[in-house]
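Next comes just one chain, in structure tokens: the form predicted alone.
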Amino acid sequence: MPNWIPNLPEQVRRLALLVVVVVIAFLIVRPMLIPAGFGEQGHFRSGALNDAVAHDYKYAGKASCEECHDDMTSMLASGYHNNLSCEVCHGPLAGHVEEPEEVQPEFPRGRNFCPVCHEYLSARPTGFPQIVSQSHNQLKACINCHEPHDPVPSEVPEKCSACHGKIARSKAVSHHANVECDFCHSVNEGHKTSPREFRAAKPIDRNFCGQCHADSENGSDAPQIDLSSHEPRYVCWQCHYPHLPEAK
């Protein structure tokens, strides 16, 4: 070890030497890592704004589309895709805004585009429109049946499972498999076409489940409980998932 290092334990001297080497290396490399202009205006690089302005514009923004396509804008505003920007589906449109005849928007027709959001995935919220693309109108482009700016179903769903596939699969293997959905849920007919406006109601009273499960002579083969003493503070579905109601 160099004799200029104080007479310290060997491990301390080695550590001190390592720290000195790291500090010297940092001082040498530091100027190479700091971009030019950094610190001239606080903790910012003074040329960053100019670099950003120099980039070619790719996206035009929804407001630019609204200036020419007011018919589509009106339809989109009242449809289920009203929270999407036009360029989500049609790609960057700055070129189209500048030269509308020469640069045309993208029109996704392949069946692999819409399933990015609408392919069945158990993690997606129940009630969100989902399909299994391998069995859903094979060989047809999605926009053949659905208007993309207001994508209502081409046919009104006849069964709840059309939108609530995850629940239907759970219920099919549960003790409630033979219980119809509308036995527990009161549903306005408008729910089929406007599910967000007309929501299905669910039981909020313990006596509802008690129709089958209360300890009484109701002739039911379902598990029986004493409603007055069985967790009286809670509604039944707070402890038991009603579509797969296994006892805890």
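Start at 1 with the first residue shown and count on from there. This structure is a prediction, so every number in the text was calculated from the model and none was measured.
Below, we turn to the form predicted together with heme C, even though it does not appear here.
Proximity of residue 56 to heme C in the predicted bound form: non-hydrogen atoms within 4.5 Å are absent; the residue sits far from the partner. Contact check for residue 137: a heavy atom falls within 4.5 Å of heme C in the predicted bound form. In the predicted bound form, heme C sits within 4.5 Å of a heavy atom of residue 183. Contact check for residue 61: a non-hydrogen atom falls within 4.5 Å of heme C in the predicted bound form. Contacts between 220 to 240 and heme C, taken as any heavy atom within 4.5 Å in the predicted bound form, involve 221, 222, 223, 224, 225, 227, 230, 231, 234, 235, 236, 237, 239, 240.
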